[in-house]
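Shown below, as structure tokens, is a lone chain in the form predicted on its own; questions about how it binds or moves come after it.
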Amino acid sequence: MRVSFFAIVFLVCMPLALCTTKRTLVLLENLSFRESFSQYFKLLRDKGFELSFRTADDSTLTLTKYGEFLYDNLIIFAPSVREFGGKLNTPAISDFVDNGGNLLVAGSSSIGEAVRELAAECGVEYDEEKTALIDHLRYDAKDTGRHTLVIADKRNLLDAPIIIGDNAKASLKPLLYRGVAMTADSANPLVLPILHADSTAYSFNPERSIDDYPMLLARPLCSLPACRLATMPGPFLLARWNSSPTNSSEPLWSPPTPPLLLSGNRDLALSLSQWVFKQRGVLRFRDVKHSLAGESAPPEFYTVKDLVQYSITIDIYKPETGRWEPFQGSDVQLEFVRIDPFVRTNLRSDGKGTFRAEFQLPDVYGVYQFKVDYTRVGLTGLHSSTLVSVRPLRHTQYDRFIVAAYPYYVSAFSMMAGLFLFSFVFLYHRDEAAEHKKKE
């Protein structure tokens, strides 16, 4: 069966989120859409997800009950919906995402106001209605002549194996895309292009002759834009997938015999879904410890210029084994922060998930934080902060003789020696010539 997969995906991962978030609400334009996406839903069920199907305009829709969220994941495959039913709206979805929920939304050339509003919240803008991505050089042999069934080069994928799958750029087959084009806000540092169009692509209404300059051209066009929240990392993706057999007449990709080949859409969709629903790229930290060098228990307070040691254990969830395993990273850093970082150093891994550092405290007292802020593409963010106080030296802890004060020491002792010599001469020196004159 031919399956089309339109996807907009929005995800927020909490740093210590467990990868057992299976309760999933699926909203459809009508319940017959379950058959259109049956292969995709089967993939989710095989992964253990509990799917509940509802129509997007159901008047009883709600995500919370008694202050608790009823679902861990929300899938919206209703691209043309104008307004959600019940208590579901953009603020409610934003609150769901802010509290660690996973969101996947479908879009097509017919985008309703609800989906457009959600996309705009993340810095993604759709082209006008009835427009499509067009490429006259990279199109599939099954294209109807409008060149809207575009072959997306896998080299245009984001270089992030956690998101697109291990060795995806080497092993993934070419991708097919048919649908509306969109742009991501280039000034927004949280927007991440997962897949972008080739430089030969543009966006226009294929039913009309081009008598005006297209609004969207070349590189700004995104097939899979992603967006992160400032608080927690997560993607916002937009795409259309066709997982039907393909054959390309385009010389830029000439398939070997037999002529019918499966596209890479299914494999990429599965990898993206695992990442979105916290099956890949989830980190957690534990066993945060700090103390004076050579000791095990943390002191009540530190003193300036103390030699301290710090350690943290980081795990990553492996869906293949269903277990947390030691994270292997070489770019985890520790900062010792008051207002600005006074110390920034790399944490050394022992190969078992524990990262350590040893450094000397600055010669400035105050309230500091041991801070680990680890954010990488495709991984959930780690944010660990431990508050400590650093006091100045007590009066009994200062050095008795300071090297810089040696000139003053010499000056003081020389004055004492001079006074002693002067007193000795004044008391015991007698002027015989003056005494002789006095006698005369």
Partner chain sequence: MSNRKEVAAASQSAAIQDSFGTIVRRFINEYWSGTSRSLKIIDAYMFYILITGVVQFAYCCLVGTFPFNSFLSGFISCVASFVLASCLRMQVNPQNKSEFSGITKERAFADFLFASLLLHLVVINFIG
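Numbering follows the first chain given and starts at 1. Bear in mind the structure is a predicted one, so any value in this text is a computation, not a measurement.
The form predicted in complex with the partner chain exists for this protein as well; it is not shown, and the discussion that follows is about that form.
Stretch 398-406 is the contacting one of 33-41, 381-389, 398-406, 55-63, since its residues have non-hydrogen atoms within 4.5 Å of the partner chain in the predicted complex. This chain appears without its partner; in the predicted complex, the one residue of 51, 415, 393, 70 with a heavy atom within 4.5 Å of the partner chain is 415. Although the partner is absent here, residue 375 is not a contact residue: none of its heavy atoms lies within 4.5 angstroms of the partner chain in the predicted complex. In the predicted complex, not one residue of 329-366 has a heavy atom within 4.5 Å of the partner chain.
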